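Listed next as structure tokens is one chain, alone, in the form predicted alone.
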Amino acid sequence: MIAVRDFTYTYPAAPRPALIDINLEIAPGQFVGVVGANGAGKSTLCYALSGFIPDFYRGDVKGSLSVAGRDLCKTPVAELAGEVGLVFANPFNQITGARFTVREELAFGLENLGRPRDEMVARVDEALRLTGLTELADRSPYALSGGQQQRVAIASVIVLRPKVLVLDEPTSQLDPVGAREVFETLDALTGEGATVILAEHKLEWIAAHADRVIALRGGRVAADGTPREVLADASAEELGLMPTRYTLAARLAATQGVVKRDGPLPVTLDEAREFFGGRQREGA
């Protein structure tokens, strides 16, 4: 589905590349979390994977990126709507304000593409269902909570039916309830076969929902594996990643001899239950 080969990108007038020698393959239907410290290159990777680099963000590009066989470096963003969609951190950057209701907002992009009315109605209804917005369809987007607005932003992209959905820290301005709404929506989308690539700082959410985690440092891929392999590794903190509370608790318990450490540390609540429930106390 997605292939990145020896990709290096430098913003105009920047003294050094933002991404360096990136090589990735992402299979259809994967939920991939992209993590790293501020400045690691997460947003830049999102822009590259959605075609905004180099079509919108100019600069020096080396290597190649492709989605479903389409070369992102040679295809204008306007032609990629059916292949890949980008959701920004702030839903206000995505909600047009040109329509009065959520339903009309979702139809706006399809209207611009000249889709038949019957097709628009069906696709809007589907997007509303997938994002849990059906009951809010006749509300103004500006009368919704932050989490609901972010779901509208996601729906406005998926109504175009892209094969890949790229999200750049979509929960950065949301409370836990709003973050939960967004992640539940993404779970529903991957359940329908979508490929999701999510740059995010909330590592406990990534650990609980992503199939795969890619960690960036200094514009390079520093780690790539399952959430447990990447986030519970001893080197995670060197990458600027704060361990989840479950990893910290398990590490402390192992250090103090409360449990025997004979396997990977947990990164989620379910893994922590298994870790503590399946370990014998020292001396027991």
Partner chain sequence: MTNAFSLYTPRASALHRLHPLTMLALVVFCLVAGLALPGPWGPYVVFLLLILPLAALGQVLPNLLSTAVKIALPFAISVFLIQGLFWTGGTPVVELGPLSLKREGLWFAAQSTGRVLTVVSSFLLLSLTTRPDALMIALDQRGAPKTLTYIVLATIQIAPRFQAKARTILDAQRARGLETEGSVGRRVAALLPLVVPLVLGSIIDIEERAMALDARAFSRSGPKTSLLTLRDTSAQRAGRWLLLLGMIAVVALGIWLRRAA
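Residue numbers count along the first chain shown, from 1. Keep in mind that what you see is a predicted model, and the values were worked out from it rather than measured.
A second form of this protein, the form predicted together with the partner chain, is not displayed here; the remarks below concern that form.
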Handout entry: Sole residue of Gln94, Thr75, Thr190, Gln148 within 4.5 Å of the partner chain in the model of the complex, by heavy atom
Key = Gln94
Problem - Heavy atom within 4.5 Å of the partner chain in the model of the complex - residue from Asp175, Asp211, Glu184, Glu79 - result: Glu79
Exercise for the section: Specify the contacting stretch among 112-120, 127-135, 175-183, 191-199, defined as having any heavy atom within 4.5 Å of the partner chain in the model of the complex. Expected result: 112-120
Handout entry: Glu169 within 4.5 Å of the partner chain in the model of the complex, heavy atoms
Key = no
Problem - Contact flag, Arg161 vs the partner chain in the model of the complex, heavy atom cut 4.5 Å - result: no
Exercise for the section: Answer yes if any heavy atom of Glu204 is within 4.5 Å of a heavy atom of the partner chain in the model of the complex; otherwise answer no. Expected result: no
Practice task
Determine whether any heavy atom of Tyr47 comes within 4.5 Å of a heavy atom of the partner chain in the model of the complex, and answer yes or no.
Solution key: yes
Problem - Contacts with the partner chain in the model of the complex, stretch 146-181 (heavy atom within 4.5 Å) - result: Ala153, Ser156, Val157, Leu160
